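A lone chain, given as structure tokens: the form predicted on its own.
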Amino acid sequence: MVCLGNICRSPLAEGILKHKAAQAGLEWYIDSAGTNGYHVGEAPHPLSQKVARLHGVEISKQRARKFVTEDFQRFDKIYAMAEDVVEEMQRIARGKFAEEKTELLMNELNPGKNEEVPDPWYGPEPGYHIVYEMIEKACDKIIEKYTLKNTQD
């Protein structure tokens, strides 16, 4: 899960997907990162933590890290929160960008629409609730997709 700073959207996405994967009995390694590195080592935004906690998801122990080229080797799938994030991932990875592993998160819910998860950083708390709901729906779809795939294999 990748966003700009790794303190609002992607920590929520990491926490939500980890929570749902555990509930589904899936042993996935899920992580998040940011493309700009401004918040490396910081905990998620207090409002991201608050909204997650309200839904029974704990993200307070996460720490922001910077997206690196090696993430394309470490992960089977990389979800970006927005197009500008994908562009930054391409810039960081240069010739090692793996398009086949990269997808906008909301395309899981609405394939091909290239909808973005808005950055709630500059706004009040209600924006964090909207972002949580968007990410949760996409994560539900991911769990559904891969649990169905596993039962068919």
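In case it trips you up, residue 1 is the first one in the sequence shown, and so on. Since the structure is predicted, the reported quantities are computational estimates derived from the model, not experimental observations.
The form predicted together with ligand 4NP is left out here; the points below concern that form.
In short, of 22 to 30, 115 to 123, 96 to 104, 55 to 63 it is 115 to 123 that has heavy atoms within 4.5 Å of ligand 4NP in the predicted complex. The closest non-hydrogen atom of residue 8 lies within 4.5 Å of ligand 4NP in the predicted complex. Not displayed here, ligand 4NP is approached by residue 39 to within 4.5 Å at the level of heavy atoms in the predicted complex. Although the partner is absent here, residue 3 is a contact residue: one of its heavy atoms lies within 4.5 angstroms of ligand 4NP in the predicted complex.
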